[in-house]
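Taking the form predicted alone, here's one chain by itself in structure tokens.
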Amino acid sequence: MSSNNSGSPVPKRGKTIELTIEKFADKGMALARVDGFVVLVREGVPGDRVNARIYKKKKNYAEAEIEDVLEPSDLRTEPRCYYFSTCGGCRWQHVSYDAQLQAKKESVEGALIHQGGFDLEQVEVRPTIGAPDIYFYRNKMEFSFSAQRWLTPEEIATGKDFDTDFALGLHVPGNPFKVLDLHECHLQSEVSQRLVNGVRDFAKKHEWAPWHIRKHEGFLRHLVIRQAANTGDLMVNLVTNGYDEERMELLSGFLQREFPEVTTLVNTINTGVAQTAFGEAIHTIYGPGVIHDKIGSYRFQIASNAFFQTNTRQAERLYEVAKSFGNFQPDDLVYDLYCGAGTISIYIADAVKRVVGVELVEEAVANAKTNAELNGVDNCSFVSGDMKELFTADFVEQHGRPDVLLVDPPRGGMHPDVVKQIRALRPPRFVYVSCNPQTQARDLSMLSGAYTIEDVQPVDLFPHTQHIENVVSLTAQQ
């Protein structure tokens, strides 16, 4: 048996030990200690006393799963979904929502301390803004077809025979080979739930083969449902391995007959090996091929492959925080880097003189221009290009020196060259919106000495998950 630095024995893999959960940790895990040695516990809640089995052992920590809850935490609650603990959709359904919000605030604080090197006596993190709807809040869900259905422990325990040659549902966390056959999901809507079950029954009736991820064969790959929160539009996007006009006519008739709520049906063709809902061709089977939704007073067109915040109502709160943190003035020129389909650019346009949006994906830029035109916004321009190559002195000379910089990069954060360019340009005001506080804190640490953090506001767009959006406002140091 190995020992930690204090000489105390460290638990071995396969051993069951009693633990008291101290706090939440990264990636939805919880943290306990054995004589100072860290054990990360799946589905643990701070305050729990549990028996947990070690399933992974590393030099500095171990990972464990709960076998028995000996004394539940006051923060623990009953999960709503049958598939909780097996499905990767909502890992925190067993945690009270107030505790989730506190944990997300602490995750932002932890990132600022450990990744950013900031002193929280100088930087205060505001309480997390919670979501009014903690179930049925997503406007987009992507379900996978599989020829290898993964059974839950509860299903196995029934002793029943299940059809394991067909599944439509979500993946087991971290494993694309394991797809659960979901018959209920509390993330999107009741009609979304009915669509999943209806399309499954329809496909099995007509003997359409699901995708076999190991053999790379089968017709059905993904079912993507996009549902507007404020307009009633609803898109079904069936991703298939090749185009079959006769099959699409059959599905079209079925949906229009049984699901009149569906306003458009799209068929995306993906004949590649990669497990993705994107593809090389898109066919509109009926309807306009897009949906529309509103954030605030603005209306946005959303294509099947377009990025749009998946929690529409909380996106409005997020954008309002960003707008407030920008302290925008009527004569301001704003750069919106990583602007996507232009939603934030358009949302803040009425408060400033001009917005220049920059985005790598050309299709998103085209979508942004369409959205600006749709809303009669004429003071936004959008440019496509790689940020680290485009955001240069020549770009500033062409478009003007910004008064405010707004960025909302992907999870990986900003390229170091872009951070250096921001540091050199040093606009007076800077608003950083992020879906990953870890990379956000890393980027902000590179700006220490050039900028001072003024405000930090977490906004919860993803209840029952560990994910959090965070907005930071900064001012340039003189």
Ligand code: SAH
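Please read these numbers as outputs of a predicted model, since none were measured by experiment. Heads up: residue numbers just count along the shown sequence, starting at 1.
Beyond what is shown, the protein has a form predicted in complex with S-adenosyl-L-homocysteine; the following relates to that form.
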> Residues in which of 283-291, 176-184, 145-153, 301-309 have heavy atoms within 4.5 Å of S-adenosyl-L-homocysteine in the predicted complex?
Replying inline: 301-309
> Any of the heavy atoms of Val361 lying within 4.5 Å of S-adenosyl-L-homocysteine in the predicted complex?
Replying inline: yes
>> Test of understanding: in the predicted complex, would Ser107 fall inside 4.5 Å of S-adenosyl-L-homocysteine by heavy atoms?
In response: no
>> When the contact criterion is heavy atoms within 4.5 Å, does Asp408 count as touching S-adenosyl-L-homocysteine in the predicted complex?
In response: yes
> Using heavy atoms and a 4.5 Å limit, would one call Gly272 a contact residue for S-adenosyl-L-homocysteine in the predicted complex?
Replying inline: no
> Which of Tyr82, Phe118, Phe219, Tyr338 has a heavy atom within 4.5 Å of S-adenosyl-L-homocysteine in the predicted complex?
Replying inline: Tyr338
> So which of Gly400, Gly232, Gly242, Gly385 reaches within 4.5 angstroms of S-adenosyl-L-homocysteine in the predicted complex, heavy atom to heavy atom?
Replying inline: Gly385
> in the predicted complex, which residues of 318-337 put a heavy atom within 4.5 Å of S-adenosyl-L-homocysteine?
Replying inline: Tyr319
